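Next comes just one chain, in structure tokens: the form predicted on its own.
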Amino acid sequence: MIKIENLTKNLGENKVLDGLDLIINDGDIFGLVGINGAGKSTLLRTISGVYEAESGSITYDGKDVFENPEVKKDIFFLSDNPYYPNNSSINNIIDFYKSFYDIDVERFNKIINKFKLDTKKTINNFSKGMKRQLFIALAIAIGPKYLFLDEAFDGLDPLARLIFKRELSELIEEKKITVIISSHSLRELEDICDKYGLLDKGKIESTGNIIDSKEKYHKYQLAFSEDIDEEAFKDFNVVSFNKVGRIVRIVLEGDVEEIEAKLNSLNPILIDKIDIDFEELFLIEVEGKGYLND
């Protein structure tokens, strides 16, 4: 278990993390989300022991992480710009990381082949997406107890994303590892993660099970024979409301049976319930904090 208590981290004069609390249980697949500049990368670097916090604590099963090799050997952090020695080949990368981790070379080579990476090229000649593929293969071949992925899907084309998700899912099923993934590709996170946390103003403002959180909200499209305005929905707990002509799209919070009974009392000629995805859940969360109203 990862336990983070009252964590504060500054970058220069900017307080990026401010009294942050979070618990990640063993086996969690945790999606870390937030607007640009929220501090997701800083949080991942701090909990992996790259940065030292100003105050607070980060423990893995009760053990501190910073400058603790015993804990760090169980962690692999794939940053958005991973380090590699200049003019390295793929084989050089394997040799370099073998100094720190046990690597399943057979698995690594299998994934490299799936990505169709040219092993004869130096990494300097790889595109951003190719570098990402290389380090994804490395991360999965290491198979650490704790895997942290920053902007996991950045630079990956659709086929590479599919390969990545399949390989990661296979690793999770096989080893029951704990994963924290930050990404702006929320639909991709939804395919992998079971839990999420929204980072805002230096704190985790909300967290929960993705499926349970989505089920708090109910989205409908309704059509009416006559014009209708938002006032007709004053007795609902309205999360968002949009109307084009006589078509209303609305997101509501509350008991679904009660909601649908009240909607039917408005006599719509058509009522469709629409599933809410993780991206919409994120937008609901940030809109509630006023970001979309500025």
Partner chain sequence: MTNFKYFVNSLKGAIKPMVIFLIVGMLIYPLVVAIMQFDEYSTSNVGLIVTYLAILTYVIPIIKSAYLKRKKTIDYYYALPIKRTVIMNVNLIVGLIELLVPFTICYFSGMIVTMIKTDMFDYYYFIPLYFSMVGLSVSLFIFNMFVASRANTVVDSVLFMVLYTFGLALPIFSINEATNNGFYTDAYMLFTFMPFVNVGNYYASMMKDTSNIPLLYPHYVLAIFEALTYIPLFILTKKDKSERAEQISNSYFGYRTLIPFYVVSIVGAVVLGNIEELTFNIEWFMIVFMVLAAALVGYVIYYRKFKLPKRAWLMMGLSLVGGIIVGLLLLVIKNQFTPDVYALCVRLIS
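Model, not experiment: these values are computed from the prediction. Numbering follows the first chain given and starts at 1.
The same protein also exists as the form predicted in complex with the partner chain; that form is not shown, yet it is the one meant from here on.
With a 4.5 Å cutoff on heavy atoms, I259 does not count as touching the partner chain in the predicted complex; it lies far away. R45 belongs to the set of residues with a heavy atom inside 4.5 Å of the partner chain in the predicted complex.
Although the partner is absent here, K73 sits close enough that one of its heavy atoms falls within 4.5 Å of the partner chain in the predicted complex. Using a 4.5 angstroms limit between non-hydrogen atoms, F77 touches the partner chain in the predicted complex. Partner proximity in the predicted complex, defined as non-hydrogen atoms within 4.5 angstroms of the partner chain, places exactly one of 24-32, 59-67, 265-273, 244-252 at the interface: 59-67. Exactly one listed residue, out of Y220, F224, Y97, Y217, brings a non-hydrogen atom to within 4.5 Å of the partner chain in the predicted complex: Y97.
Although the partner chain is not shown here, in the predicted complex the stretch 2-35 places heavy atoms of K9, N10, L11 within 4.5 Å of it, in sequence order.
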